[in-house]
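Quick setup: one chain, the form predicted on its own, written in structure tokens, and binding and motion questions come after.
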Amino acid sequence: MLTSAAEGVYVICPTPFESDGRLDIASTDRMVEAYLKAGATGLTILGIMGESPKLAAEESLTFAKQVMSTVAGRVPVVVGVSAAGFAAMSGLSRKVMDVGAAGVMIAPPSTLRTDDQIVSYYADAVEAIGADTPFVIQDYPLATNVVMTPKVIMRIIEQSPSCVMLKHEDWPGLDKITTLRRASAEGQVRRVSILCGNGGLFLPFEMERGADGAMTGYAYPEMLVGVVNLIKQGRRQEAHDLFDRHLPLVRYETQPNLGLAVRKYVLKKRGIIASDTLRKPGPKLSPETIAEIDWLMERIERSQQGSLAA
């Protein structure tokens, strides 16, 4: 089961598709093994970058079963169960927990406006998934348009013992991490795990502010693992040097609406998935964009070879 002690890198997995849009089971297995080889301490599936709204309910369960079958208990798997209604959330949550998920992740719907509405929503969500199911708060206002202040997050944590993690994706949001960590240090709220998203764009600083790791899907997960480990070892300069070598592609990958297409293209080129197909509606990369990505990848490969030679 997922606990508040979770740390490291939980790689956000895209959902691999065949060129005709069907689930690609072979690529799913290969992707899972690649992420584990890169040092992932956990995996997260069916999130916003997993194209979950484009999947039928039975496809979501099929994909979740395949991932957990391949993982075979080696690392925890978190499943996104955000849905328009609590019936769908409850059904998927129950089914994935039954087949081995460690916990579920819930993002608030865009209709929530007040602090009380947000807190009440998570109370209802806990009722829907069951109080014994560990869950992650997904705080991603750039996608949900729901702004959760540290006080709101603290209220959710305190009202729900099954809340074990915050997926922090606010931007700017470094001071939010500091506020939450200070509050837990002073006994104002129990400590939960904080893993950060946003493609890893601010990862070194998030770690230095008190985050426990990353929950994101940059196409070179070994960089995320390296940065997290180096920061924990107190090797700040090395961590930032490693991050800086990847920053141009990290930045390119975080472009709104285009990011997943870029990520899938890089994963395909690295041999991790067979096709970079996105379910419709979705963007297509122009020849100019592809050329830029290829150039960015070549720079990373050259820098890696140079660092090994040194």
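Computed from a prediction, not measured in an experiment: that's the story for all the values here. Sequential numbering from 1, following the sequence displayed.
Unshown form predicted together with another copy of the chain; subsequent notes refer to it.
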{"item": "S4, D20 and R270 each touching another copy of the chain in the predicted bound form (heavy atom, 4.5 Å)", "value": "no"}
{"item": "One stretch from 114-122, 219-227, 184-192, 69-77 that, in the predicted bound form, holds residues within 4.5 Å of another copy of the chain by heavy atom", "value": "114-122"}
{"item": "4.5 Å heavy atom contact, T254 to another copy of the chain in the predicted bound form", "value": "yes"}
{"item": "Another copy of the chain contact in the predicted bound form: K65, any heavy atom under 4.5 Å", "value": "no"}
{"item": "is_contact(A26, another copy of the chain) in the predicted bound form, heavy atom dist at most 4.5 Å", "value": "no"}
{"item": "is_contact(D175, another copy of the chain) in the predicted bound form, heavy atom dist at most 4.5 Å", "value": "yes"}
{"item": "Of L201, I129, M105, M97, the one that lies within 4.5 Å of another copy of the chain in the predicted bound form (heavy atoms)", "value": "L201"}
{"item": "Residues within stretch 29-63 having a non-hydrogen atom within 4.5 Å of another copy of the chain in the predicted bound form", "value": "P53, K54, L55, A56, E59"}
